[in-house]
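In the form predicted on its own, a lone chain appears below as structure tokens.
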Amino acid sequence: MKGEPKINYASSGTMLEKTEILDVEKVINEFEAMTKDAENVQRETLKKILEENGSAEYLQNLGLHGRTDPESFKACVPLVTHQDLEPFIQRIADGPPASILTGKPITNISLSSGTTQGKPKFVPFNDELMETTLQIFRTSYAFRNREFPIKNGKALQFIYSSKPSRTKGGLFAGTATTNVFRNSQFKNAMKAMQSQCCSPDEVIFAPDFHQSLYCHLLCGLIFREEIQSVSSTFAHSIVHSFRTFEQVWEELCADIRKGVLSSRITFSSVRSAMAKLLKPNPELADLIHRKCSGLSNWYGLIPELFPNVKYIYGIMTGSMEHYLKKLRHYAGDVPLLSADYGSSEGWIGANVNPKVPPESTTYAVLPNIGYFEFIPLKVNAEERVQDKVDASFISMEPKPVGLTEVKVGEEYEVIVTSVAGLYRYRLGDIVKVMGFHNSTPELKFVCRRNLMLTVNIDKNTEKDLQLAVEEAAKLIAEEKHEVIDFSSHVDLWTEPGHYVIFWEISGEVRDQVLEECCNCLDRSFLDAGYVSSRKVNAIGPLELRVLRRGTFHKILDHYLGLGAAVSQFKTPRCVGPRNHKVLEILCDNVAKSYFSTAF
């Protein structure tokens, strides 16, 4: 429109002064304008990335010669996996500082959770990636705050740092969430969004997760009237926190009553920080004691503890959907809002429809935070190369399409070119296009491509596994029990190979019921390849292994010992041979085992 100021959509976003309160309407208006012109914004964003990093060794060797248009980029730069980039990232980690993947040297390394491959990956992290993170936070907050306004309140945030370390070249290495939480811009942004954590830094960065969690809960109770949101990176962490509360609430009450911190907290820095907050308050202790004593099976615990809470917030899609039932139990009538879509490698989309139930959440791609391509997972036979060989035998991966070229209802693998030196990087995520917000797609996360149960011609995804578990779990729900957590494994040592499903359940369940659960699991995998293979015994009977209580807590502790942070922890849903330690923990803690008779 004539007279309007030109917005540079490829810039790093709206910068905030320390004392400035986020202008929600301004952020929304910028997002709306940007997504109406997503194709051009993508071209600008790619141009900016290539101009800033054109001097990097990786791009210099690919023959771009300064060209920044999408056509030249796709012609010169190959699709890659993390394995392809590992040698370059390792050189960055080993030092000395050099322009290997980016024009300016990388200053930090992010560590992935390691739950997919069994060990953490090194991922480049820089200031530009931090700014895209803040832009995602600001965008989703703006839409969220329009529906659920928060003013001058505190947030109970179950956030944690991983154990800090240094690479051989001296770079700070921590989980992606740790790199964000340690960044000064993050705190300023949280102040601007009026979402300050009620816990002091000493609690967030405490060396021991269990002590940090206890203090988070205690801080929440101290500021219970001011808490307006409860959040963590993942739904699992919120559920785990309130399961822990069930065990320690009386001890928390005792701390509040006496104004003296439990002896379980051993770090002097944490004790000193908590001493500034914790004062004798017998009235508050009595109130919490009455509320906890009066709850039936802990239903509605969160609003009872925090009467002014507006919503509960965290990533609740994908592998986190399993925890929604328990989270709703704790939440009562408090809305659950799913957080945004991203990974250790970078962010992709924001939840701009916060009132939608978590199971239906979609993510609108921000076209200026990276350059995005999508590999179609279905190829029309007419689009295949026709030769003397029948098309069905031609192994030909379809060409990636651009952000605005995707089709509603189709599934794609995500390709990312980021501001932190990843070019045409196969993220491994499968998404489904559910619609468009203006001209940018709204994506629904489906699964990780390499997390798949397969023995023969069967292909069952993480989502298929989740649906099967949900269906079978209804049988133990009738017995007033629940599946606390689950995982799976393909056992190829037997002949024929078969699926193994691991369950940790909340109490003793009769063998007859568990046998039927096992049959139900087997019948619930509807993939045609699985069903036909089971019928001819090309895949053996499914095995349900019931675990001792606390097994998944041991798996969590295992990853914490490797340097992971709870904020980033995801239960591994499909445990392969690379995850031999996790598989060992699961197999060593089997209490009972059942084989299906469904076929």
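The first residue of the shown sequence is 1; numbering continues from there. Keep in mind the model is a prediction, meaning the values are calculated, not measured.
In what follows, reference is made to the form predicted in complex with a small molecule, a form of this protein that is not presented.
- Only one segment in the set 427-435, 291-299, 327-335, 260-268 has any non-hydrogen atom within 4.5 angstroms of the small molecule in the predicted bound form, and it is 427-435.
- Highlighted residues 105, 137 and 187: none comes within 4.5 Å of the small molecule in the predicted bound form, counting any heavy atom.
- Among heavy atoms of residue 407, none comes within 4.5 Å of the small molecule in the predicted bound form.
- In the predicted bound form, none of the heavy atoms of residue 169 sits within 4.5 Å of a heavy atom of the small molecule.
- In the predicted bound form, residue 516 stays away from the small molecule, with no heavy atom inside 4.5 Å.
- The closest non-hydrogen atom of residue 363 lies within 4.5 Å of the small molecule in the predicted bound form.
- Out of the listed residues 445, 374, 313, 306, 445 is the one that sits within 4.5 Å of the small molecule in the predicted bound form by at least one heavy atom.
- This chain appears without its partner; in the predicted bound form, the one residue of 458, 345, 522, 504 with a heavy atom within 4.5 Å of the small molecule is 345.
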